[in-house]
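Just the one chain here, the form predicted alone, laid out as structure tokens.
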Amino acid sequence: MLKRLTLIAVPAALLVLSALMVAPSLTPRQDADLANVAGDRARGAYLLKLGGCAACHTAEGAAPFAGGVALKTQFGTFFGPNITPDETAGIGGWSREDFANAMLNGKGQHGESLYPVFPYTSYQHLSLQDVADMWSALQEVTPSATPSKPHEINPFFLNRRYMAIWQILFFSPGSALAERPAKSDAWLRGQYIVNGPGHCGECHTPRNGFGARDEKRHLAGSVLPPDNEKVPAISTAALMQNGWTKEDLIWALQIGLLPDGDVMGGSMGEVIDGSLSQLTDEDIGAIATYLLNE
């Protein structure tokens, strides 16, 4: 019996080790060259609001974008890092291409695979111009020397090579929005916001046991750990079934007012305060148009 187990275990271990060795070189990538792209700081500042970046990178009472926000998951607690232009504690030592690789390919400054708690699985749909603009805006943030907090996660996941394998299995950068259907400009803008910088699917789409979104149930609702917060379905079918109109949806997105007069709280309340309430009327309308498939 022991001999039989050994015959099984040794090849399995060798397979895992081989995968860990080759995974970083096999992870998918898209173009992240910003050499010929000039950034627009004002547009970038709006994109930071559109992406709700402050929500994960600005702890209560802390300097803007100095990190420290706790993100609790079934794998442990992650902390939003310092993304101010501080040379040591923040990303001041990064190049524009380093930043683009993080946003579009889920890679850190030294090529390490990032944890998908950072929503690069959605940010991958940003354009090179978007990324250059966001980088320019972040350069205007006051540098903070506050060091990023280390993640409090299962030690098994500290090996970034496992994340490289995860990316091979569950990440296909730049593919999902490649085709432009014959829809209105408002619908296409809404599609881009919801699936790209707005990263709505990160909370509203259920995940599998590996923490990857189940895209077959896109926007079908989920449950967020550790408190089992229920996140509602916002797919077109679900919204229509529940009687949402475009006007109702616009009011809900702008000020958090539900059709029955109640107000949104919890995580969605934070999204409205930190992001949606600061968007243009055109963009809020575009989100509603896309979600209701009008």
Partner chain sequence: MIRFSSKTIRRALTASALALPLLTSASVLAHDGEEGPQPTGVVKERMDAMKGLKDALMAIRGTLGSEETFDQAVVTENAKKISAVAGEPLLALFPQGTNEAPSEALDNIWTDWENFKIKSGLLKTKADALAVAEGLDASKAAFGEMAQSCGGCHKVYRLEKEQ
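Nothing here was measured: the structure is a model prediction, and the numbers come from that model. Residue numbers count along the first chain shown, from 1.
Below, we refer to the form predicted together with its partner chain, which is not included among the displayed structures.
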(message) Please determine whether residue 40 contacts its partner chain in the predicted complex, using a 4.5 Å cut-off between heavy atoms.
(response) no
(message) My question is simply whether residue 261 lines the interface with its partner chain in the predicted complex - judged by any non-hydrogen atom within 4.5 Å.
(response) yes
(message) Since only the chain is shown here, I'm wondering whether residue 243 would be in contact with its partner chain in the predicted complex (any heavy atom pair within 4.5 Å).
(response) no
(message) Does any part of residue 282 reach within 4.5 Å of its partner chain in the predicted complex? Heavy atoms only, please.
(response) no
(request) Have a look at 49 to 57, 31 to 39, 245 to 253, 65 to 73 and name the one stretch with heavy atoms inside 4.5 Å of its partner chain in the predicted complex. (result) 245 to 253
(message) Taking a heavy atom within 4.5 Å as contact, would all three of 232, 257 and 269 count as contacting its partner chain in the predicted complex?
(response) yes
